[in-house]
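First, one chain by itself: the form predicted on its own, in structure tokens.
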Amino acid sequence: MLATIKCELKSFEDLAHSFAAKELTVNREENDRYPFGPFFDATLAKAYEVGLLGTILPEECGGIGQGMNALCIILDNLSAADASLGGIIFTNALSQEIILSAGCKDLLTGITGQATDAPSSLIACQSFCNAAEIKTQLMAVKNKDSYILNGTAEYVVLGGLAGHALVPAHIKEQEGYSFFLIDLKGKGITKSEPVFSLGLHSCPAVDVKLTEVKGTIIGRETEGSKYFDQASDRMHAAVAAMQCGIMKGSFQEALSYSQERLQGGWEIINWSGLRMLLAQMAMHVKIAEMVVSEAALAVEQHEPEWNICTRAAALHLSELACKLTTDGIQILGGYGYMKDYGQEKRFRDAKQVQALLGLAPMRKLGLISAIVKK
């Protein structure tokens, strides 16, 4: 991050960097075996204890009440070590943002205020899709003052861990969709086994089937798309921060390896071709830092067209991260494809993070539509 932001939020950077070093880096390979290995419950519990799950949650809701700058700094540092925890924090923050955009702070406080551990404080959602771009498979029927939901919600991130989920559903005989909050421990909920994903293995998702499940509507009927767009505008800065962190981790490992690996009696960093590749990676990382800082600052200061800045930042850095992690693998040679190192995981994670908030091509079309309207 830029020096000005570092000075203001140094404590959050130190916290995230220390947490990543102690809890994530040393266990990265083991944590990535999920769902075929154990989930890192102890790490998630510690993240909850130090407040990482409530960074942008208002203090009256039980959070630490920070802005997008703090969230981006945290996600940046965590993702440099292991982006899976970043994905958990991102998904929970997205759910919180949608609920706050709908003006339902009291409802959110009821969940976070009563939470006693990490799972009960989490709110799952379909953070890898935009319900306006897909056919929602959930239907809601109004029954007096409540709603009854039936159908299936696919790939609900954190659905196997969280106590509640935020799901989109069509209300019978109405256009558009609405968001509903459901209790994942209630009756009528059937969860699949964890879905094995390309990356972010320890940020798990499940398919959830609802049969006569009571849901609490978030905000007004049929305005789900409005609330999602408002939250998405802000959270695109967080996507950019995750990709920046992945890029940093890839460069740092490539640099360290090239200083230790010998070939022909020389450290391979002395070979000009490899130096050129490292220089290009370093350049992209520094540019990414500036892009994230500017995007987060635009959100905080509500600058003109700030929402276009955040979306452009996320889309650009997602493409850049996919390229840079490929270079990171190349520098390690055959070792780059081995799970003993973190490069192949970062390559998969970058592609997975690219899909947050919806398909990249659709988000690009949304970006140019917003520019044309202005």
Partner chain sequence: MTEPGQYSIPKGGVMISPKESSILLNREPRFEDTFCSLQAIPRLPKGMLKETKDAIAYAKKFNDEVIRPLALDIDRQTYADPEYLPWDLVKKVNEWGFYTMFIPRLFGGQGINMPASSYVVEELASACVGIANVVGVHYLGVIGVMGSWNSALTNKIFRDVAEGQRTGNPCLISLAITEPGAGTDVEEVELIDKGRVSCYAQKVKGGYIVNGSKVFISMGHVSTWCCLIAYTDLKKPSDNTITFAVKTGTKGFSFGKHEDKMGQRCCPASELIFEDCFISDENVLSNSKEIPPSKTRNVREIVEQYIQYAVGVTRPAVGAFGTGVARGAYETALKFASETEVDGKLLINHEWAQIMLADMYKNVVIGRLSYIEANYSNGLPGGIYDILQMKPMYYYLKYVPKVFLDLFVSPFLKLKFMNRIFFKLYVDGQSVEEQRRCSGWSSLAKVVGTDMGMKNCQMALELMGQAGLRHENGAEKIMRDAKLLQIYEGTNQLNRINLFANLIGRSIPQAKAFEE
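Keep in mind the model is a prediction, meaning the values are calculated, not measured. Positions refer to the first chain, counted from 1.
Beyond what is shown, the protein has a form predicted in complex with the partner chain; the following relates to that form.
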{"item": "Any non-hydrogen atom of residue 263 within 4.5 angstroms of the partner chain in the model of the complex", "value": "yes"}
{"item": "Touches the partner chain in the model of the complex: residue 347 (any heavy atom, 4.5 Å)", "value": "yes"}
{"item": "Close approach of residue 154 to the partner chain in the model of the complex, 4.5 Å, heavy atom", "value": "yes"}
{"item": "4.5 Å heavy atom contact, residue 135 and the partner chain in the model of the complex", "value": "yes"}
{"item": "Contact segment among 322 to 330, 46 to 54, 301 to 309, 61 to 69, judged by heavy atoms lying within 4.5 Å of the partner chain in the model of the complex", "value": "322 to 330"}
{"item": "Contact residue in the model of the complex, chosen from 270, 211, 146, 174 - any heavy atom within 4.5 Å of the partner chain", "value": "270"}
{"item": "Triplet 84, 181 and 253 all within 4.5 Å of the partner chain in the model of the complex via a heavy atom", "value": "no"}
{"item": "Residues in 30 to 61 close to the partner chain in the model of the complex, defined by a heavy atom within 4.5 Å, in order", "value": "33, 36"}
